[in-house]
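Presented below, as structure tokens, is a lone chain in the form predicted on its own.
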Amino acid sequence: MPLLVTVLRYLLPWQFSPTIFITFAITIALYVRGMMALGRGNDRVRFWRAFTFFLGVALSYAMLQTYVDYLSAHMFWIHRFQHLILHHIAPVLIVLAESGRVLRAGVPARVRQMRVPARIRSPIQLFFRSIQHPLMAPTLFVGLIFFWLTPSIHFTAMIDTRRYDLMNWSMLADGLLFWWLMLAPRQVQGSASVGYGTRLVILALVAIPQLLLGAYITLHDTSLYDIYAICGRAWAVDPLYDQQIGGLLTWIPAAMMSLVGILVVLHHILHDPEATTPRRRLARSVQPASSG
């Protein structure tokens, strides 16, 4: 019984949010419904894709609606771990699951067939294309990390519930948008598609400022984030040690996640018909000349 109480303590939310619960519940319901619909059409979702999707969703929910959320407000390194999951790992898992087609299949036919007026659809499309531009997307991706880690902004976000929620939601939403742009196959992206070569450059470039920021936080000899001393740390840890671990979580995983992204893009280049066809055509055109 004491063990069960301890487990429930860590699984139950610190501050229950109906918005988060309903959002995740609808997402899971649509995915399950989509799996069933695709299965009836002999287009079964592979086990590893479903597992990857549910793992990404579960990790996101855990960061937002379990005791981890409380710890992240009282330990800097837990906060950095929380954003590592929300901004990097969970979105990568969800995107690699190719969840878009499953979620679309789960949407009721009446909703899919609804026609959105042009006055509403056009601004949304313009906004989406703007934030998914090859220059804007990486700028926003890195910029949000720097923005929320600016000591004065970080201080206010940690003491204001609305700003705190905005910080976490913005990291998750931006992570999903950025990694979808980087990792999804071109044929599923439509007009938002970005060339694989451009993706490789972006993934390499976004790692650099994150590495520098992580190194700055880790090697700084004074405490940058006094809010954790004011609110009280969850555990008796030296402030600089707490900051150093958080800095390392900002420093090292940045390069690791960019490397993972680069490997996925290279896989697309080797297996995506749109990427391999031009090379094959070039090879066929060059072969006669070389043989002659």
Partner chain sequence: MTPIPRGVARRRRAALSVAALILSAALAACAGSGPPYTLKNITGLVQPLDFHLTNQDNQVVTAGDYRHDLVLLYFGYTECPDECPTTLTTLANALRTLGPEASQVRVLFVSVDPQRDTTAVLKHYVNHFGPEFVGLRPDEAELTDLSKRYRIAYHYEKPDPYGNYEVDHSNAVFIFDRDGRARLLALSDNTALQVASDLRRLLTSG
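Values in this document were obtained by computation on a predicted structure and should not be read as measured data. Numbering follows the first chain given and starts at 1.
If you look for the form predicted in complex with the partner chain, you will not find it shown, but the lines that follow are about it.
- Of the candidates A29, L263, I230, M256, I230 is the one whose heavy atoms come within 4.5 Å of the partner chain in the model of the complex; the others do not.
- Among F155, W169, F128, Y196, the residue placing a heavy atom within 4.5 Å of the partner chain in the model of the complex is F155.
- Only one of 115-123, 209-217, 83-91, 157-165 lies within 4.5 Å of the partner chain in the model of the complex by heavy atoms, and it is 157-165.
- Put simply, A37 is far from the partner chain in the model of the complex: not one heavy atom of it is within 4.5 Å.
- Using a 4.5 angstroms limit between non-hydrogen atoms, A73 touches the partner chain in the model of the complex.
- Among residues of the shown chain, A62 is not one whose heavy atoms approach the partner chain to within 4.5 Å in the model of the complex.
- Mapping the unseen interface onto this chain, Q15 counts among the residues with a heavy atom inside 4.5 Å of the partner chain in the model of the complex.
- Shown without its partner, the chain has W235, A236 in segment 235-249 as residues with a non-hydrogen atom within 4.5 angstroms of the partner chain in the model of the complex.
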